[in-house]
Structure formats: structure tokens, C-alpha cells
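Before any questions on binding or motion, here is one chain by itself as C-alpha cells, the form predicted alone.
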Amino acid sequence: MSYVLKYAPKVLADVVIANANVKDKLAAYVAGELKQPLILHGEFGTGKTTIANLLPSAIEGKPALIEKLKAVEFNTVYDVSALFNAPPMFYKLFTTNGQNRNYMVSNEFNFTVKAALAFRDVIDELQEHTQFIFTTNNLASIDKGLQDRSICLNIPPVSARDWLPRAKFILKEEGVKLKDAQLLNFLTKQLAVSSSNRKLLEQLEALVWDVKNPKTLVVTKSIKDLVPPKTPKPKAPVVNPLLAI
């Protein structure tokens, strides 16, 4: 099984989050102090979708049932009305799965102008029973009225030192030992190329392979970067035997 699947966070606490504001806001949702729609935005691969999928279970304290919304559902006012306003206004009055709230998650969503206006009304009516969580790589493309009704939380890339505890856990699970300095060097180089958590997990998998297979003919760049080049020993001077007589 690939590390992207094997070591994907299973609970919110597994997600590598360094920003104190992000941690505080998520903790406030878990504690029930915040109920506004949540818009997670930022670069590709920083954990927005992972957080969106794990936050409902953290709020409920048990595996939560999530409804995934597709952007295509919000092309027209009818799309919004058909999903939310049909009798008996289920999402306004009831919850499912014995949960405290309903949870709706949408990735990279867009609205037409009229659909956005209709959705604002939905947000206002359903907020008490339904938690909306949206993710996007481009906050500027999101309806201003929806932004105004929501908590907009930027999920920034994390540093190598932030990733170190999680990386050490993964290597321990795989039976691989590296010094912290070596692992930090590796993480720093990888994150300089891409801030994507998925890409980093792929590179960690390659690193583990290299360490476990040192006799393979092809040694990848990831393991070479961890081993400092050897300083060649100085050769002894060659003495002409005739001069020694």
C-alpha cells in the first residue's frame, strides 16, 4: 500500500498543522464555539481536504456521516432549491446518524451569481443544524456574501521541523532509523521542491526503500542527499627506489 494511503491522517490530530491560528480555530469548532460555515483555502496539497473530511468526526467525537457536495449542484437557483428547500426542510429541522449536526463538504466550488444569492439564504436558515465546510485554492473566486458569512481559514504550508515528528513516526513504523539532522535535511530539500503533503509522503516512501535496499545498483537522489561525500584519503608519495640508495 502506498504511503499516501497507508499514512494518510485518520483523525484530525494526525494532520500536520503548524499555524497557531489554524489550530485555535479548528479547536473552537470541535468545542462547539464556532458554527459558521468554514472556508479552508490555500495552496495545493497543504491538507485542506483532509481537514475538511476529518473535522466533522472530531466535532462529533465519533465517525460522522458527511454529505459531499459537487460544484455542479450550484449552477442555478433550482439546483440550490432542489437540494435544500424541498419539504419538509430536512436539513433545517433534523440531523442524521444520531449526530448533533449535519455535515456538508464541498471542494473547489463555484456559483453563478443567482445561485450564490440563493445559497446565502440557505446558509442563514440551516446554520444551527448544518455545518458547511468548503475548500478552495482560490479564495478570490468565492462569492463575497458567502465569505462574509463564513470563517475563512488559510492553511499554509508547514516547515520541515513541523513535519519531523510525523516523519519520525512513519520511519519507526517501517523499521528505519535516521538521525534527526539527516531527516530534517531530507524534509527541507523535499519541501523546497513542493509543499504538497502527498508528494512528501511519496518521497518518504522512496527514502525508506533506499535505506532498506542499500545494495541495489540504482541509488536514488533522496538517499544520496543524506550521506555526506567521503573525503578521499591522501595517497602516499611514490619514492623512486634509485633515490633511496
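Counting begins at 1, following the sequence as shown. The structure presented is a predicted model; accordingly, all values stated were derived computationally and were not measured.
What follows is about the form predicted together with a small molecule, which we do not show.
- In the predicted complex, the small molecule lies farther than 4.5 Å from every heavy atom of residue 67.
- Heavy atoms of residue 76 never reach within 4.5 Å of the small molecule in the predicted complex, leaving it off the interface.
- Using a 4.5 angstroms limit between non-hydrogen atoms, residue 44 touches the small molecule in the predicted complex.
- The small molecule in the predicted complex is not approached by residue 134, whose heavy atoms all lie more than 4.5 angstroms from it.
- The stretch from 194-202, 55-63, 175-183, 22-30 that comes within 4.5 Å of the small molecule in the predicted complex, counting heavy atoms only, is 194-202.
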